[in-house]
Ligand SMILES: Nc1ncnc2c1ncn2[C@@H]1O[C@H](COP(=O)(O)OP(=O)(O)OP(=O)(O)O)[C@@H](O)[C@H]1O
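Quick setup: one chain, the form predicted alone, written in structure tokens, and binding and motion questions come after.
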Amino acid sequence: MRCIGLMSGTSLDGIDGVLVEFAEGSSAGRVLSDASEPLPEDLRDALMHLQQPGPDELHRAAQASAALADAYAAVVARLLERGGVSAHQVAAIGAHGQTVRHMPPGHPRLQPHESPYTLQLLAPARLAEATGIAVVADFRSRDIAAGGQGAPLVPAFHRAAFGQPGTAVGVVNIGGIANLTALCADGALRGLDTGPGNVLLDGWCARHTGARYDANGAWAEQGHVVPALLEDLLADPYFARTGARSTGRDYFNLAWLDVRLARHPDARPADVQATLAALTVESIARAIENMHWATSNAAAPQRLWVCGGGAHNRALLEGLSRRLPATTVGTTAELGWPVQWVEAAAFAWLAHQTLLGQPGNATEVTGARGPRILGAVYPA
């Protein structure tokens, strides 16, 4: 069975796609082709503005959903061409869509009488019509309906792709938001969103330099960490939460940062960038240290594999290596999984699970009441 996975993440920097073939004995599948495309500038702007409340949201969200489906369809066409397969040879597209609101159980902005929810923009029917391939979308909602966080959903795929029986292995995806998967030595699976990955780094860099991101963390390396600011950032209650937890850009954003920067008016922009890099590293490291790894060294895994856009940031990788001296830190590329493939491949895997009638959530990660088949299917 062949499935396509598509991902446009919190960083809003583009669309990653993979065509994956699932064969007996290959639980994670084999990538046949890959493609990445930048988001059209007007679509990126529209999605960015929809991260926060504004006028005429329903109309703007509908238009952005349609435009995103068209952009996804263009990536699908490239994947089919590169893979040498036709649409009828692909069982389904797993498409996450673009998260604009994520209000899971325990979200601080939810009132006691309000229901948790999650919202990913996409027009799945339009995507199915454009490609002639069935689309599986809206993966998070069923887990939230079952009392879970709806995220992160990638740990079950991480287990299939990177698990090493008897060895404690961590996988960190550093996208806009960073998430940790703990593949424990005793076979247990745990995970959570650690907090900001690139979202604050990218936003602060764009505000002060005009660049979309801090290439290799070079600007951050020109600054110095402001310890008082770092502790102020880490004092947010999110970082102290135990158990299942997830978050998004609608919580961690420049407005969140500005409130805290007002208490540190003398911090130079480069020093703020260095401190934000330290925030990403420290929040990941603390999440790792708070996990139970079922090894003689319960404070850290033996290996930590990093993927996502943040895996290209030298400052973050070196920071994690310094902060976790007992752990060997590398990227998933060393295992044959280029860092930009992993999340897209996870959604191909999730679509495959849905078609097989198998659960896609890891209840020990999301906190849902039980395993659930995820996603809604839009036939070709």
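From a predicted model like this one, the values you see are computed outputs, not experimental measurements. Start at 1 and count along the sequence shown; that's the residue number.
A second form of this protein, the form predicted together with the named molecule, is not displayed here; the remarks below concern that form.
In short, of 284-292, 229-237, 198-206, 180-188 it is 198-206 that has heavy atoms within 4.5 Å of the named molecule in the model of the complex. Proximity to the named molecule in the model of the complex, defined as a heavy atom within 4.5 Å, singles out one entry of G163, P116, G248, G175, which is G175. Of the residues G150, G170, G310, G94, just one reaches the named molecule in the model of the complex with a heavy atom at 4.5 Å or closer; this is G310.
Contact between E21 and the named molecule in the model of the complex is not found at the 4.5 Å heavy atom cutoff. When contacts are judged by a 4.5 Å heavy atom cut-off, P104 does not count as touching the named molecule in the model of the complex. In the model of the complex, the named molecule stays beyond 4.5 Å of every heavy atom belonging to D193. Heavy atoms of P124 never reach within 4.5 Å of the named molecule in the model of the complex, leaving it off the interface. Although the named molecule is not shown here, in the model of the complex the stretch 200-231 places heavy atoms of D202, Y213, D214, A215, N216, G217 within 4.5 Å of it, in sequence order.
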